[in-house]
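Below sits a lone chain in structure tokens, taken as the form predicted alone.
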């Protein structure tokens, strides 16, 4: 397989993990965040410091990134207990700018020059480069997807959806809205930390500008495009928005304009995204599958 294609697919896998982690917060808990790239960056910088300065290896570096990002997500998610909707959006935007500023002006984190020389993942003396790293990233994709599906079948998954639908009604039936929100932030940010850890290992360097507000808008667009609150939606959104710019370089300078137009279009005409429960595409695919099943059942070629 071509080395460039392997690299593109690897980064798409990382975007999928990031989009799935945000979807847990936005799609299932109903807590809109436009600052998720901050926790993506926290995971990346944690691995950079752990590997370059402390010599920590895999998988302890990934675990540390998830723990640090999740813990800070829980702390920084506290504003979600006091604000809702538009005010929560503004709070998360502020968090994103604060975290990037810490990256940029902290000498121990390399300042504006970032951290370079991050070694690749090494297991059993084998450096995971190219195809090996691709397989490792998608192993994480499958593992996180499976864990997410199991989580949503538990009582905690029910709590998430109840809080999303109506916080007051959820509280009235005995659900702790505060703890549900905090744990949603913790788990979502831990997933972002894992994505950041893999990103740092794949790229070999981290810089403050890689985790700014525009990256937060990008990952939110992936979730909304695919369908928030669905398992497969963020994956489709990440594949489209993660892979398309790589093969349509002529739109590179206009991609954020296109993302904004795409979000506006979706909010007006397809609020459930491509694969949401009420989406036209999902309904069309459902009719197609039912027609195909009926044809096979009747023996038609």
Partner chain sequence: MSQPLLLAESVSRNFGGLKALDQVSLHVSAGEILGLIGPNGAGKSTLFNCLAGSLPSSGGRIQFNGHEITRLGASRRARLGIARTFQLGKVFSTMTVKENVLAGLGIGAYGSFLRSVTGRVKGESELAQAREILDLFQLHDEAETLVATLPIGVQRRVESARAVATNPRLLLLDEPAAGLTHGEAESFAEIVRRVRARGITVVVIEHNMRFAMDLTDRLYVLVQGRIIAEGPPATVREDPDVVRAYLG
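Everything quoted here is computed from the prediction, not taken from an experiment. Residue numbers count along the first chain shown, from 1.
Not pictured, yet referred to below: the form predicted together with its partner chain.
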(request) Report the residue, out of 71, 175, 133, 102, that has at least one non-hydrogen atom within 4.5 angstroms of its partner chain in the model of the complex. (result) 175
(request) May I ask you to state whether residue 183 is within 4.5 Å of its partner chain in the model of the complex, using heavy atom distances? (result) yes
(request) Check whether residue 214 has any heavy atom within 4.5 Å of a heavy atom of its partner chain in the model of the complex, and answer yes or no. (result) no
(message) Is residue 231 part of the interface with its partner chain in the model of the complex - any heavy atom within 4.5 Å?
(response) no
(request) Classify residue 112 as contacting or not contacting its partner chain in the model of the complex by the rule of any non-hydrogen atom within 4.5 angstroms, answering yes or no. (result) no
(message) Please pick out the stretch from 125 to 133, 203 to 211, 222 to 230, 167 to 175 that is in contact with its partner chain in the model of the complex, where contact means heavy atoms within 4.5 Å.
(response) 167 to 175
(request) Could you list which residues of 198 to 228 come within 4.5 Å of its partner chain in the model of the complex, counting heavy atoms only? (result) none
